[in-house]
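One chain comes next, on its own, written as structure tokens: the form predicted alone.
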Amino acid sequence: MAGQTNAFEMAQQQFDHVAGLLRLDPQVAEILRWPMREFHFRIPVRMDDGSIRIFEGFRVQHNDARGPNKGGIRFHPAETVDTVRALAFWMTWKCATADLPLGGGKGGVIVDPATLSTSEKERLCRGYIDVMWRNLGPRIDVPAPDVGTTPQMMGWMMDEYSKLVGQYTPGVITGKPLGGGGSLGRTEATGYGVIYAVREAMRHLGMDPAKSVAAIQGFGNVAQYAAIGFTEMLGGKVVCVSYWDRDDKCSYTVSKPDGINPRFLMSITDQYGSINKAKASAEGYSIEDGSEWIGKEADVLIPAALEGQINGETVRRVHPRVRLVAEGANGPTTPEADEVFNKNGVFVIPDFLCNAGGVTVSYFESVQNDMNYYWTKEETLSRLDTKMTIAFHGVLDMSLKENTCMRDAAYMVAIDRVVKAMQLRGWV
């Protein structure tokens, strides 16, 4: 979905590299290189004007050795099955790295949700469940929101599933609205999880958060709360964010040398992450080309948009001051860029460790659904902080023990846990 990057090929390339380091049995590696199940389908939807439009959808279930598959559903006009495969693949490792009893899944529909009315989006969401419901469930595969989908959409999907199975089943979907089976803290979870990981990395690197500057790509849910966390929790400064402008069909970087106010920018941002340029300019923000975020003079880069954004070409623009890259997005750094970062001593917190906060609180939401008892936001975020901190240090310890980069170390931790689960179940 980003340029010419094939996310699944990139994911397999990363896996093959670590499988070689681990001397993993080639037969076991071949099982793990590919999804266990894939669903490709068409969803007919009655539009508001009475016409019927056909939407192409996907669901990929990579590996459920450790528990039910888990992963979001994307609504994006450039969605591809390879992107969905890659994201399901990474979700397996993400859940294993965070030591969650879940496997990896992902879904998608080729659509720009901004072009649909509310009622059309609801019919599309319900249509997705109508096609997939027999292969979903709290003990089978649990979807969640992702790019282009919202808690309200998850509420519609949960309701449709409950109707089809004949009982209220909130645990089939996570990321639901509050009051509809959702969890407090879920909205902030991924962005705050990024910041918990950044905090631990800074301690390891001896960096002072209060004297640190961050540049962020994106201004969706993850980037918004990462920006809030970096400024309010760590006391650092964020000099820019970027966003995709739906009207102009291009991306912009919104920057301020003395630091942005993320809460103000959120107040002038629509539900799809587009910032009102006029209002931002009136408050003294500079509006630059969308690629400018990567070259900012900063200590920390937080790519929190789509995959393949830091590649063999764009990595050349990274400022030499950068010491830490925290991957809020899935697959934002290609193997070519990784080589450059490793050579230059840049510390990278890999995606399926760094952005595991979302799936962790989704897991917490499922637990609360099962209990029919709900925690306070403080309880949820405290548990998230504990989980992220333990996961970070588990990967860091592996990195130091094996004298390897954090991405390879995270794969080592995750692959070991998944293979052990497969062995215990008698699969291999």
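Counting begins at 1, following the sequence as shown. As the structure is a prediction and not an experimental result, all values here were calculated from the model.
Below, we refer to the form predicted together with nicotinamide-adenine-dinucleotide (NAD), which is not included among the displayed structures.
Not one of 184, 368 and 379 places a heavy atom within 4.5 Å of nicotinamide-adenine-dinucleotide (NAD) in the model of the complex. Contact annotation: of the candidates 160, 146, 122, 299, the single residue with a non-hydrogen atom within 4.5 angstroms of nicotinamide-adenine-dinucleotide (NAD) in the model of the complex is 146. For the options 306, 136, 240, 349, the residue carrying a heavy atom within 4.5 angstroms of nicotinamide-adenine-dinucleotide (NAD) in the model of the complex is 306. nicotinamide-adenine-dinucleotide (NAD) in the model of the complex is approached by residue 329, whose closest heavy atom lies within 4.5 angstroms of it. Using a 4.5 angstroms threshold between heavy atoms, residue 74 counts as touching nicotinamide-adenine-dinucleotide (NAD) in the model of the complex. Contact annotation for residue 244: at least one heavy atom lies within 4.5 Å of nicotinamide-adenine-dinucleotide (NAD) in the model of the complex. Among heavy atoms of residue 273, some come within 4.5 Å of nicotinamide-adenine-dinucleotide (NAD) in the model of the complex.
Of the candidate stretches 96-104, 147-155, 203-211, 256-264, only 147-155 has residues whose heavy atoms lie within 4.5 Å of nicotinamide-adenine-dinucleotide (NAD) in the model of the complex.
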